[in-house]
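Next comes just one chain, in structure tokens: the form predicted alone.
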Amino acid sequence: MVEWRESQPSIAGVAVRLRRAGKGQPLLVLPHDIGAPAQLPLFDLLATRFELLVPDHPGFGTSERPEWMRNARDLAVMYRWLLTELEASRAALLGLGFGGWIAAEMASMSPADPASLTLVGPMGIKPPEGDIMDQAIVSYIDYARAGFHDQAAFDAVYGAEPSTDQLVAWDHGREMGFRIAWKPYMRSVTLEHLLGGIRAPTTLVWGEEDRVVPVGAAKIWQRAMPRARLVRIPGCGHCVDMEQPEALARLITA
């Protein structure tokens, strides 16, 4: 199991919980809006090749909530700042769902900086058909479960009956998500126009059974980033990192 080192750097006056593990090239992992449990097989696999940098998004998990924050691009600026403080501006980026949107915003700001960019079912762009799942119309438990095609995989990560602390964290994060990504919901009206300059090797990853971000959204991402390759993972939902960790780890380390 990965051994984590934890700190709380202050970025823009906000205390951000940051976990670090492994050795090698820095890899900033930007989690889903439901967070990232500490002990995941994906982290065990990646820590053999990378130094993992895994923050709790400001306003999510145990990071401090910035009352001034109003959009996802604010998060991206904060993470660029964090990498500068860590002297890791050339870190590889792994963005998961909501975190994929943030990673894409970061790369659009510094097109040549990321060593690589892996976006897994990223939010941030309106799908051509269907919509990003609206968590305002489902319970936070059902929203978290919707990220998994195989419910046994959900149970293995969170338990068949998630803890009270986990339920509170999901509810807390949902409120912050509404604050910074409500109108328009979980997307930007400008992002797709700003991605064409990215020079980092980019991989788009989608679970073929993604019920949170329709896989059809990949068309728009590929049009915006013609250099990116698309990999679809069969029999997998939105949380590829937790359902198919070996497949995702192979894509990243390659």
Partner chain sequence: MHFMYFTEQPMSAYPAEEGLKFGATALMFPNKHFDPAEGSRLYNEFIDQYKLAEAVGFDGIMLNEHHNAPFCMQAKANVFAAVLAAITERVKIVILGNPLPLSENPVRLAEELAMIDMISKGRLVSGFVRGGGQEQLATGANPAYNRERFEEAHDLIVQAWTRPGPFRFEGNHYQQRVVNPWALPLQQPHPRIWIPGVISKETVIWAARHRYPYIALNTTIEQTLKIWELYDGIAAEVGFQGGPAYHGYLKQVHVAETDEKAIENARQFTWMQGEFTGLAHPVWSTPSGYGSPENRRGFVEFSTGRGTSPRRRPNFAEQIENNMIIAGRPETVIAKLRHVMRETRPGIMSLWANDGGISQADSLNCIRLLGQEVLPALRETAKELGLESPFEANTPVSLAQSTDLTPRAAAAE
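None of the values given here were measured: they were computed from a predicted structure. Numbering follows the first chain given and starts at 1.
Note that the form predicted in complex with the partner chain isn't included here; everything after this is about it.
- Scanning V77, L86, A153, L167 against the partner chain in the model of the complex with a 4.5 Å heavy atom cut-off leaves one residue, L167.
- Taking R179, K126, R73, R145 one by one, only a single residue has any non-hydrogen atom within 4.5 Å of the partner chain in the model of the complex, and it is R179.
- Although the partner is absent from this view, I141 contacts the partner chain in the model of the complex, with a non-hydrogen atom inside 4.5 angstroms.
- When contacts are judged by a 4.5 Å heavy atom cut-off, E175 counts as touching the partner chain in the model of the complex.
- Taking the partner from the other structure, the partner chain in the model of the complex has a heavy atom within 4.5 Å of a heavy atom of M69.
- Using a 4.5 Å cutoff between non-hydrogen atoms, A136 counts as a contact of the partner chain in the model of the complex.
- Look at 117-125, 155-163, 92-100, 77-85: in the model of the complex, residues with non-hydrogen atoms within 4.5 angstroms of the partner chain sit in 155-163.
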